[in-house]
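We begin with a single chain expressed as structure tokens, specifically the form predicted alone.
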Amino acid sequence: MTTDILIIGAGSSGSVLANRLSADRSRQVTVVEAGARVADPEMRMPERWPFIHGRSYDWAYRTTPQPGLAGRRLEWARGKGIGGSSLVHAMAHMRGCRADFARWVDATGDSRWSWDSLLPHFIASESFSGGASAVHGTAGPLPVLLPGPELSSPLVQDYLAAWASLGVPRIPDHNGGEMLGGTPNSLTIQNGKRVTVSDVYLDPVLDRPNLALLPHTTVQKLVIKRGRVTGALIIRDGHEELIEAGEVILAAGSIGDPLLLMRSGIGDPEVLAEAGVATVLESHGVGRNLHDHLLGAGNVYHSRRPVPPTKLQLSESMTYLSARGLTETAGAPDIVVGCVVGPSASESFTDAVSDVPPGSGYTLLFGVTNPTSRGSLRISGPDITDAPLIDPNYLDTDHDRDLLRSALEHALLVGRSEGLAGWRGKQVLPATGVSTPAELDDFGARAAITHHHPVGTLSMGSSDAAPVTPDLAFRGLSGLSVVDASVIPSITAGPVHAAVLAIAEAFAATHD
């Protein structure tokens, strides 16, 4: 078959692109997706999000053993289905702050990636429950809920008040350009249910005659002729097919994109040779610059009184803080502390929280907002069924280790504060007596879990070493663009999903 534009991946970015690019009825747009439509009712239930990982609509990746995490391997959930990772994420909608996007401008030399330039695209993507303003829109496809007191847990309301008593400013929401301070999380929830990006971008336009969606379709490799990507070899219904395309857009995410490129012979020749793949184009940056947010799970407490069930999605508030002081209101956050209305612990501490059932305890998560550790991923063989080698290289730098310890100390600060005295029972984690820097570091290494924000594996940049150009074209090949979290050169302070939508909106807005 032939098409004008082939989009690989019907996840968050792919859904945005399919909607916006197919609005021009003169061009045929085809979207291929390895997964299918997800009918699991628990996927729609916000409070069930941590418990649906590992199901049929999760790629269920695992990292290599991580020296910085006491040799542990982390489970990396990534959505496999129409909607991509918006099927399985925690629904938090945080754009990032001005300082985050200033780093993107530094990396690319292009002002299109500044906060001010991206703001119209953030606004265009959302229907904000708080109403329209200079920084929010109400006409976009994606519902964004800013919970009020009627929905927020009373525990979380007291948690925010406790921070305020310590001098931390209360901010309207996380999406106004500055993130330092305490506020409830904005969430992609409507009428008590998860909203996926495909629900609001892709599904409403599937009746367009120039838009085709091919589920249950895996992409084996890209087809390259004389330096141009001309299509892809796919597997559908057990048969190999060729899709020829005038343009190919990768939107399969920070894991899927570089793996496909490597299977197609694009990457570091040494990595490719070890996997039995001949080099078609040497591109050493493919699969490098991998980084992710960690959260320590967690600083757990028994509660003195029952913790009501969440009306949202368990993790109801993230407080972003500066290493310069609790009262700072502008600039890049350094650490984050979040409040979860239930017990949350890594697999290292399952036994420790076994006597803290839901309703009887709560957790303060802690993390580093802008980690400097960088890892990589690679293929282990030429086929899509060959498991990837994913090494995020967590906590490799003093910066990350020091700030994770600081984040834990700040969790303990608010957790032991007078503002939470009415809730605080016995501290379960970390165990009593854990107090020295070495002890806190050891606890952090064993408590850390992924925040599910892998980025950077096909970073955009002005340097020839960057795999992707500032206008999201793949360097060294014509006819190929990359539009998703893989192009992010440095991670935003919070969850990256909102930024991915803005990247896709920005690309589509300037697409000829």
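No experiment lies behind these values; they were computed from the predicted model shown. All residue numbers are counted from 1 along the displayed sequence.
Only in words, not in the display: the form predicted in complex with a small molecule, which the text now covers.
message = Based on heavy atom distances of 4.5 Å or less, which listed stretch (62-70, 474-482, 439-447, 32-40) is in contact with the small molecule in the model of the complex?
response = Careful reading of the contacts points to 32-40.
query = According to a 4.5 angstroms non-hydrogen atom cut-off, is Thr218 in contact with the small molecule in the model of the complex?
reply = Answer yes; at least one heavy atom of Thr218 falls within 4.5 Å of the small molecule in the model of the complex.
task = Determine whether any heavy atom of Thr369 comes within 4.5 Å of a heavy atom of the small molecule in the model of the complex, and answer yes or no.
result = No, Thr369 is distant from the partner.
ask   = Using 4.5 Å between non-hydrogen atoms, is Ala77 touching the small molecule in the model of the complex?
value = Yes, Ala77 is a contact residue.
ask   = Should Ile384 be counted as a contact of the small molecule in the model of the complex, where contact means heavy atoms within 4.5 Å?
value = Although the small molecule is absent here, Ile384 would touch it in the model of the complex, with heavy atoms inside 4.5 Å.
task = Find the only residue in Leu326, Leu389, Leu151, Ala90 having a heavy atom within 4.5 Å of the small molecule in the model of the complex.
result = Contact residue from the list: Ala90.
ask   = Just one of Gly256, Pro430, Gly182, Gly361 has a heavy atom within 4.5 Å of the small molecule in the model of the complex. Which one?
value = Exactly one listed residue reaches within 4.5 Å, namely Gly256.
message = If the criterion is a non-hydrogen atom within 4.5 angstroms, does every one of Gly296, Pro343 and Ser346 touch the small molecule in the model of the complex?
response = Verified in the model of the complex; spot residues all out of contact, no.
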